[in-house]
Ligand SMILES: NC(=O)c1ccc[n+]([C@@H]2O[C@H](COP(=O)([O-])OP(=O)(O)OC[C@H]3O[C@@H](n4cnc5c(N)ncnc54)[C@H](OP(=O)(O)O)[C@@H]3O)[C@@H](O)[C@H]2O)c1
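In structure tokens, one chain follows: the form predicted alone.
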Amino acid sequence: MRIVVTGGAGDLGSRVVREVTARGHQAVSASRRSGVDLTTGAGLDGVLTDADAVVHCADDTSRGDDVTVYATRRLADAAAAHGTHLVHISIVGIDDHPLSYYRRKLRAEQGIAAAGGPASVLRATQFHSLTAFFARSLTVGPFAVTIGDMALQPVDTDFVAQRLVDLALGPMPTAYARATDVAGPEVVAITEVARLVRTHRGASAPRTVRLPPVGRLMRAVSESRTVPAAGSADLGGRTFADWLAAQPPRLSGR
């Protein structure tokens, strides 16, 4: 099968490319470097010709709606016109979450449904690397900040890539369809994540500073709305602690 991967040079996309290739299929990385621009539509028709599926991993959180919403809809329209199966990565818990990026991801899903083509949407929890970034951002010196009872259920990026490829190589739906959500094997409080990260680099455990959940956004974070309800998601991949053990002492990036 011929599988197009948008954002194929990124962290998730490159793993999808490797997984498709490892299973004996052709992976085509689509980006502006290869002549495909999702924001303008340039190159889309060409790259989707004879494609069995397109796995949409491209995003740019710094550009507001341009990539997350509008480019996704442009890709969905093109995939529908070609009869190509669109596989899209989204986020668990975005239906009732006030975070602006999560609202954009929900609008992207709605745009895919409106395009009318065969599409599979896979929602995942936060990747381990992003979870570690959150913990680092909420740690100031020896103090770790938590908003209420904030917790996450981080997932291994490789596990998510495998599930995306399962969908791309599997049966094509007749229209828009939500796949079963995916999450990591355990729920972890953000303060525990901060402790693990500091211990990993040889520092002492942080002292916790608890902030009250004031406002819609802080209440959503405190209520851990991105943690799936029990039994609603497929769980798998490495735990956060196992992932962290394979990382360098000083973490960087997201």
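Note that this is a predicted model, so its numbers are computed, not measured. Each residue number is its position in the shown sequence, starting from 1.
Missing here is the form predicted in complex with the named molecule; even so, the following discussion is about that form.
Q: Between the named molecule and Val121, Thr180 and Arg219, in the model of the complex, does every residue show a non-hydrogen atom at 4.5 Å or closer?
A: Not one of the three qualifies.
Q: Taking 4.5 angstroms as the heavy atom distance cut-off, pick the stretch from 196 to 204, 209 to 217, 33 to 41, 223 to 231 that is near the named molecule in the model of the complex.
A: Heavy-atom contact with the partner occurs in 33 to 41.
Q: Which one, Ile89, Ala168, Ala115, Ala161, lies within 4.5 Å of the named molecule in the model of the complex by heavy atoms?
A: Answer to the contact question: Ile89.
Q: Of Met172, Leu130, Leu138, Ile147, which one comes within 4.5 Å of the named molecule in the model of the complex, counting heavy atoms only?
A: For this set of options, the contacting one is Leu130.
Q: With a cut-off of 4.5 Å between heavy atoms, is Ala9 one of the residues that contacts the named molecule in the model of the complex?
A: Yes, Ala9 lies within 4.5 Å of the named molecule in the model of the complex.
Q: Is there a heavy atom of Asp60 lying 4.5 Å or less from a heavy atom of the named molecule in the model of the complex?
A: Although the named molecule is absent here, Asp60 would touch it in the model of the complex, with heavy atoms inside 4.5 Å.
Q: Indicate whether the named molecule has at least one heavy atom within 4.5 Å of a heavy atom of Phe143 in the model of the complex.
A: No, Phe143 is distant from the partner.
Q: Although the named molecule is absent from this view, report whether Ala51 comes within 4.5 Å of it in the model of the complex, heavy atoms only.
A: Close contact is absent here: in the model of the complex, Ala51 is far from the named molecule, nothing within 4.5 Å, heavy atoms only.
Q: Across 95 to 116, which residues bring a heavy atom to within 4.5 Å of the named molecule in the model of the complex?
A: Counting only heavy atoms within 4.5 Å of the named molecule in the model of the complex, the contacting residues of 95 to 116 are Tyr101, Lys105.
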